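Let's start with one chain on its own, the form predicted alone, as structure tokens.
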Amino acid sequence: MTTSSPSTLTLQPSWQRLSPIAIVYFLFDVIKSLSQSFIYLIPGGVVGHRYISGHENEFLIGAIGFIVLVCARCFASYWYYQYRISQDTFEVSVGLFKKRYLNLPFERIQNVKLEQPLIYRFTGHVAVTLDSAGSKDEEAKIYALTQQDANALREAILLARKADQPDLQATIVNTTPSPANQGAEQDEQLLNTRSVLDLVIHGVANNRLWILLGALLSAQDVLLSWMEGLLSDLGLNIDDVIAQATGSWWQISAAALMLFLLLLIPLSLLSILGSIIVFYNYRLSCLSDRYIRRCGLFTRQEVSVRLSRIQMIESKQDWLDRLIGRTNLVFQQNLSGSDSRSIETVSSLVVPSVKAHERDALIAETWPDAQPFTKVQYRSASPYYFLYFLTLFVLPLSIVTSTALWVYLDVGYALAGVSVLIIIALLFFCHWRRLGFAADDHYYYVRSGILGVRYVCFPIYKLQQVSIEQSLLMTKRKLASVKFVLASGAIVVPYIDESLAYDIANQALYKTESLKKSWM
């Protein structure tokens, strides 16, 4: 996506409209939104298909009307979107019924994301997302710029806060790279790449199979009918198998396992396909004071992030990641106002399914004096954290649940209910054992997880706020919880020694005030 030709972006004091190709972008955006909601429409489709029969004409008219409305919406989004670029500010005016105006100074922009959908490759256009490190409403997107203008705008924004850039207007009007910068991509230091095999592993280990299974339960009748037909085509009658397997547990288990695998395999393949589409040809490189990530099969993405704006580094391992020795590394920026539930946000750089030595090398490249996560000596949370959970939650709930099931149903149901609560207690025990905290002169380290493990590392001077929380029971035991608030989110270290908690808070305040470093 990077071009070596000179980039020139002329100042545009009057309002400008997007290229008409943006209409296609808006159309694909609507299709994408509908496809993401498709799983929730399955129950309605299962119920509604009965009413479509015999009313095909009405359904066809409704479908045509819906398509016309979508096309009209896409055209209106294009027509009522206007933008202009001044000396050091980007402005946008958008909306038909609800007007929205945004004035975004370059120095407030956290990072720049260039996105090139498949259709844009034929026209040479790029969609540019400007993340302002504020709320989601303060994020700006230019849906169709030429590749040359997008590169020039990105360079002007990235240079906006440099002290040696007094005349920003010259940078915007004529951003012509020097011979050394014309081969910028060649001059970049390549830090990490991901092969197709790595992406397959990422898709297998990080799919959301159980969420999909839960959503598909609403259409279980249709799924069971489909699976029964599939098994019949294979020469297997599930009723005969169950009938013959009466009293034979292994045959019933084998049949259940076969049914599970028939559903597991296609869903896992979808997760693998999604991983390849998002992260194909992944390249993470470093150029001067910023990281650049490029990836994407159909939609090519390029994200530039200043190293100074990284708030914390996060390493995530699910239970399957731990078995195969992989981890997902995330360089977090300001997440205020963004959807932090999604790992693929503009405000984060994700390195999928790396090995432990690759993770340690990337952390050392970013923060050379930070310790590797696995070599840090962590302090554990107090055992009272687990005991209080058992005493205040598990034990009362076990008594109430087992008594109710015993009285109204049967002793077998009571034992089953207690078994579930025992499993919950065991999982919380794993969570307590995983909790850990460590500190050195410059960084804090936090470990958490249940079956998997999550490591977090952040510089002390990046802290926005430190608070100490105590309940009456904790005060009696001289215990406290510490809450760290960063621009990338909050992290809680529960049930540590009271004196240690105050030492942590005092150290954080002292470091933040004495170093006087900017957290951005």
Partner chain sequence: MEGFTNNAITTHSLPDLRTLPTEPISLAYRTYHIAATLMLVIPLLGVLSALRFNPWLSLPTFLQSAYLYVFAAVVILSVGYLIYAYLACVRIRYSLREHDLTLKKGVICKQVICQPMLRIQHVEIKQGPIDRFAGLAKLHVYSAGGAAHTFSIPGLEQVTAEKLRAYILEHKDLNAG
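Predicted, not measured: the structure shown is a model, and the values here were computed from it. Positions refer to the first chain, counted from 1.
The same protein also exists as the form predicted together with the partner chain; that form is not shown, yet it is the one meant from here on.
Residue contact with the partner chain in the predicted bound form: residue 67 places no heavy atom within 4.5 Å of it. In the predicted bound form, residue 27 stays away from the partner chain, with no heavy atom inside 4.5 Å.
By the criterion of a heavy atom within 4.5 Å, residue 505 is counted among the residues contacting the partner chain in the predicted bound form. Although the partner is absent here, residue 477 lies well away from the partner chain in the predicted bound form, with no heavy atom inside 4.5 Å. Contact annotation: the partner chain lies within 4.5 Å of heavy atoms from the stretch 482-490 in the predicted bound form, the single such stretch among 27-35, 59-67, 482-490, 447-455. Taking the partner from elsewhere, no residue among 147, 271 and 281 has a non-hydrogen atom within 4.5 angstroms of the partner chain in the predicted bound form.
Applying a 4.5 Å heavy atom cutoff to the partner chain in the predicted bound form picks out 463, 464, 465, 466, 467, 468, 469, 470, 471, 472 from 463-481, in order along the sequence.
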